[in-house]
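Okay, so here's just one chain, in structure tokens, the form predicted alone.
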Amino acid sequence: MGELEIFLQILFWGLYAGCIYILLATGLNLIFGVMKIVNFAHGEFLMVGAYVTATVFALTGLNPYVIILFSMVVLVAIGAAVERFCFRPILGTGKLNEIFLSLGLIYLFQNLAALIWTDKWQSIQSPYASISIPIGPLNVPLDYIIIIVVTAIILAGLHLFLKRSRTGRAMRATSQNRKGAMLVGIDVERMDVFSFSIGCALAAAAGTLWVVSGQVFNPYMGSIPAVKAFAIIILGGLGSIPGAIIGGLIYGVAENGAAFLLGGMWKDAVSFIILIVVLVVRPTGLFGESGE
């Protein structure tokens, strides 16, 4: 295998892995941007989305890329309930309350998932698992190409929603100035529900793509992706969706490059080394505001 082929393989695999991180981090950034809350349980929504997809796939045999829509709808409902009954009562009471609540939600979702689906590692096989597409010197799994395309479609839809729709513009206004949005008649609590639900739907999409790509999952698999999602939004800049996209791609390429060149044990470490360097050089992140 030549050096160019190795480089292209690392780049492409990093792009595919980055797509899952991008969806998770974008949802987390959307929630933080509007509500300014710290939700460490965000990875559990990815985990639930993975189980919803796997369960529907096992029961119906539907194409998992179609099930992604159902999984997103289910997580919209769950996200709305969590926002209304968990985060809304403590909103504005202090970050410590938010952190402890989100930690409690982690254990709640993990144990409920273990009760419903058991705690054994599971996986599903995509109907396209055996198909590869030749692209230059590489034979690329069809699933990876579909994952990249699906991620691009979801992000494009989110961009259009935030830029063109009335609700999207109201969410952006709430993110920029919550009190100002209230003064001009925007129902900020309604925007909170929308942002949290959409963020959970993006996590569900990430969970679906996680299982479709052939990765194993269990009720406790959401914690590491959630930590990485937080690292990505810090890397890209808090509240910046473009930053989450760029950060996710950087993490995907860095992880796969480290796994290939240094061994699997360095996969997670290199990502956080990048985060430390960025925080030292530019504490606000790549796309964060440099001043108040």
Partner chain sequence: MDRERLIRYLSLLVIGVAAVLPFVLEANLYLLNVLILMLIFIIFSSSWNLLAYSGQGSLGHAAFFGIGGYASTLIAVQSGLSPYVTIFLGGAIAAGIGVLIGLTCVRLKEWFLAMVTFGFAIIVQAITVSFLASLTGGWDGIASPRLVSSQVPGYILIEYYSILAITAGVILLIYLIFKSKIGMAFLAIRENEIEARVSGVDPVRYKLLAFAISAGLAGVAGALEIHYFGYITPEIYGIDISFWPIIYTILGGLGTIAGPVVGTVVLTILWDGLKVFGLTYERYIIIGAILILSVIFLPKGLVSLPDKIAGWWKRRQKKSPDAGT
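What you see is a predicted model; the values in this text were computed from it and never measured. Numbering follows the first chain given and starts at 1.
Another form, the form predicted together with its partner chain, is not on view; read the next lines as being about it.
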>> Please tell me which of A156, L112, I133, A77 lies within 4.5 Å of its partner chain in the model of the complex, judged by heavy atoms.
In response: L112
> Taking C19, P242 and F287 as a possible spot, do all three reach its partner chain in the model of the complex with a heavy atom inside 4.5 Å?
Replying inline: no
> in the model of the complex, which of 51 to 59, 34 to 42, 65 to 73, 253 to 261 comes within 4.5 Å of its partner chain (heavy atoms)?
Replying inline: 34 to 42
> Taking heavy atoms only, is Y220 within 4.5 angstroms of its partner chain in the model of the complex?
Replying inline: yes
> Just to confirm, L96 within 4.5 Å of its partner chain in the model of the complex by heavy atoms?
Replying inline: yes
> Hey, in the model of the complex, is V140 touching its partner chain, heavy atoms inside 4.5 Å?
Replying inline: no
> Does any heavy atom of L28 come within 4.5 Å of a heavy atom of its partner chain in the model of the complex?
Replying inline: no
> Across 217 to 238, which residues bring a heavy atom to within 4.5 Å of its partner chain in the model of the complex?
Replying inline: Y220, I224, V227, F230, A231, I234, L238
